[in-house]
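As structure tokens, one chain now follows by itself in the form predicted alone.
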Amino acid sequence: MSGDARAALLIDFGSTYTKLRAVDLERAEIVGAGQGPSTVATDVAVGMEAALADLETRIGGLPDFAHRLATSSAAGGLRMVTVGLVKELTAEAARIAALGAGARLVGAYAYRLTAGDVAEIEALDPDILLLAGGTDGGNDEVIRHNAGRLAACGIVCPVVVAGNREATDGISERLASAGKTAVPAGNVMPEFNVLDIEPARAAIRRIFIDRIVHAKGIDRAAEAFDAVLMPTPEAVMEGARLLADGAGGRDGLGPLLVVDIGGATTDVHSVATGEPTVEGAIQRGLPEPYVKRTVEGDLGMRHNALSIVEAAGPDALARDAGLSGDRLREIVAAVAGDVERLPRTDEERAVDRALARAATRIAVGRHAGRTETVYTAMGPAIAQHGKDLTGLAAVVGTGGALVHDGDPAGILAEARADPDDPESLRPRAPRLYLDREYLLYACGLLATVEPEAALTLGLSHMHPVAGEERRNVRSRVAG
């Protein structure tokens, strides 16, 4: 790029690699990528310097970056525990808030904490605990009880207090007097069946920036970047929101789904209202957030390959891979025994593809809503649980399992509606795109400072997969 062009450096401190993307802001184009090892356990600056050296080699010198922004999922990501009142209500609202903040949920508790619950929480050693419970003006006895248990226990992480507002001040004072860091936030469920997770998300992000970045050693490379703004999964969510909604008067792709197939989890993000489209359907359960993230911890391509086999069924998976059941089990056992293993043969690649297809199908099925017939005094009716995603415009795939596979369309097609499962509200006819350059996190970061450039960058690099209509996506944002 020319010496006077404006550029941005977008960084992801990952668990395995520190990944960089350099972007020309005037042309909204990638000018280079680099990576180095994530040396969080020793000195994170070493990995950052290696990544910068790699980038410099690839582009022939580093420009003066106008922005140097980072995300982080290093050292296991943002580990959170949630505690609520009723499992289906405030505890579920707390879970949604935690996932929406880009956290990795390692424990979720409801009702009055027991001594055993507290011991489990101490053993989990979370980075943040989110304490909820009670609508404003409603039950405050349980959240006060749970606050007392937490005040007396050995956890040292910050506690976000996001429950009954009438109890918040007293709880915060009680935690503070016990030497805990209490961060008050708005109630995640201020009224019955009313969800308000944004104040808790904002509090979690502030803690992440102020404390977790330091705790994980990321600030040891502070001279190389301006700020770590958010956990990587939240950056992916913000990238998805940008691609769906557009910016600066420019259209995005419309309501969409993102499928992120990883080695440890499969994450699904939807950007859509999810309101019923089935005539006469009645929404049941908590209202769904416009931007929603679910994390399937049993559907990781490496760490949880055996769990995918169990969830999909070994016979079905063997048929999909074109192998015998014995050969499938042999290959999956080898994967489970060596999570760094990459496919080396056609058989292993077929198994990887079958695992990715199954992970996509099951994860999207869990994320999407469902309908059921219920019987009322007025006769049978249709009830909807969760989000109706049938009309989504696009599905975007990201993650190595998709990027390195020869048939990403065959994997992403598993996100579509299945005629054999008519109650599932999965997308019926979305266009399929591949985030081949791993840019969703970068778009989410760049959107915080230059949203229009981030939108142009994202739309021009979401590639229609084989078998899809080849469209010049850039022309949609040309003005």
Partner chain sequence: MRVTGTLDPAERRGITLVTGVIGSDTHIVGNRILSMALEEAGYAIVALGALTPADEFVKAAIETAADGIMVSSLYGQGELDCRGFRDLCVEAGLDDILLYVGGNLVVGKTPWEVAEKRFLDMGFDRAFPPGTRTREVVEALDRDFAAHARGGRTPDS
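Positions refer to the first chain, counted from 1. In this text, all values refer to a predicted model and were calculated from it rather than measured experimentally.
What follows is about the form predicted in complex with its partner chain, which we do not show.
*Asks:* What is the one choice in P126, G239, G274, G134 with a heavy atom within 4.5 Å of its partner chain in the predicted bound form?
*Replies:* Selected option: G134.
*Asks:* Scan I209, V86, A316, A202 and let me know which has any heavy atom within 4.5 Å of its partner chain in the predicted bound form.
*Replies:* That would be V86.
*Asks:* Even though its partner chain is not shown here, does G138 get within 4.5 Å of it in the predicted bound form, heavy atoms only?
*Replies:* Taking the distances in the predicted bound form, the answer for G138 is yes, it comes within 4.5 Å of its partner chain.
*Asks:* Decide whether V374 counts as a contact residue for its partner chain in the predicted bound form under a heavy atom distance cut-off of 4.5 Å.
*Replies:* Judged by the heavy-atom cut-off of 4.5 Å, V374 is in contact with its partner chain in the predicted bound form.
*Asks:* Does its partner chain come within 4.5 Å of any heavy atom of R366 in the predicted bound form?
*Replies:* Because no heavy atom of R366 falls inside 4.5 Å of its partner chain in the predicted bound form, the answer is no.
*Asks:* Is there a non-hydrogen atom of I282 within 4.5 angstroms of a non-hydrogen atom of its partner chain in the predicted bound form?
*Replies:* The answer is yes: I282 has a heavy atom within 4.5 Å of its partner chain.
*Asks:* Specify the contacting stretch among 194-202, 329-337, 391-399, 89-97, defined as having any heavy atom within 4.5 Å of its partner chain in the predicted bound form.
*Replies:* Looking at the other structure, the answer is 89-97.
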